[in-house]
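In the form predicted alone, a lone chain appears below as structure tokens.
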């Protein structure tokens, strides 16, 4: 493809990304290639259509980019090194306050990513190994409830409120915390699930409380390899004309509700910085007219997470790749800070 065809194709893609309206030769001549006549641009557009880079939805309409055109566009974008983290300040704004609970970081990252891109965002927490327990604390919330805090070497703090028997005071909760930490420190949630019934059988009192802790361990174990999934901006997709069709919208919403499948679609493999799957390249019928753009972020101990967006094929790829680059850097730093913080913690601290 010669340089002129390439310039015209880029102009068509840029204009269609902004407007969602088929692009005609007069638009290109007026807005982008003012030195070329409409007739010349029409001839070039006909050639691009024959080459499979443009589609014409109606005989009298302009052209729209094909998946092949978006693929060329993205490949050149990646090859040119034009991805800039020029949104760093915007991303920092979303993470200015220290968030103790890393699952909340994942959820907030998904919200930020969807807000900054305008598309549906998915964030997966770092994986790589099943976390090991560092500390368990039961903190009195009221006379009949306690907060269970489970700290792992992955830097994830899981907290849940559970019911406690009448008469259990803060000192008793502290003693139970010490016993659980001593028995379960270094265990994975799977191993803890096996040990807690043994601990429960040995105790004469507060067995219901231990069973509640065991239930939390079961939840952590059953989350599977993908860990926590943050999703943001699901409704964003419904604002695009491509999804004014109710059947398409229903299929998309059904996919998003199936979190395990969504994690499989988003999760990257290997050390690739970015992946861009356009239209049919996703291999997922429900989003065959969408693009899925993902990036990895890595913690200092080698655990890898994935962030990504799902949007129409006419998405603003340059903007999305820029935001993903900045977001990945911020998440890596946040998880490293949390892991460093947790590595300095010993046994349970009395509350």
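Numbering follows the first chain given and starts at 1. Model, not experiment: these values are computed from the prediction.
Note that the form predicted together with the DNA isn't included here; everything after this is about it.
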- 24, 45 and 58: each with a heavy atom within 4.5 Å of the DNA in the model of the complex? yes
- Message: If the cut-off is 4.5 angstroms on heavy atoms, which of these, 316, 299, 40, 282, is the one near the DNA in the model of the complex?
- Response: 40
- Hey, of 31-39, 285-293, 319-327, 302-310, which bit sits against the DNA in the model of the complex at 4.5 Å between non-hydrogen atoms? 31-39
- Message: At 4.5 Å, heavy atom to heavy atom, what parts of 1-16 sit next to the DNA in the model of the complex? List them in sequence order, or say none.
- Response: 4
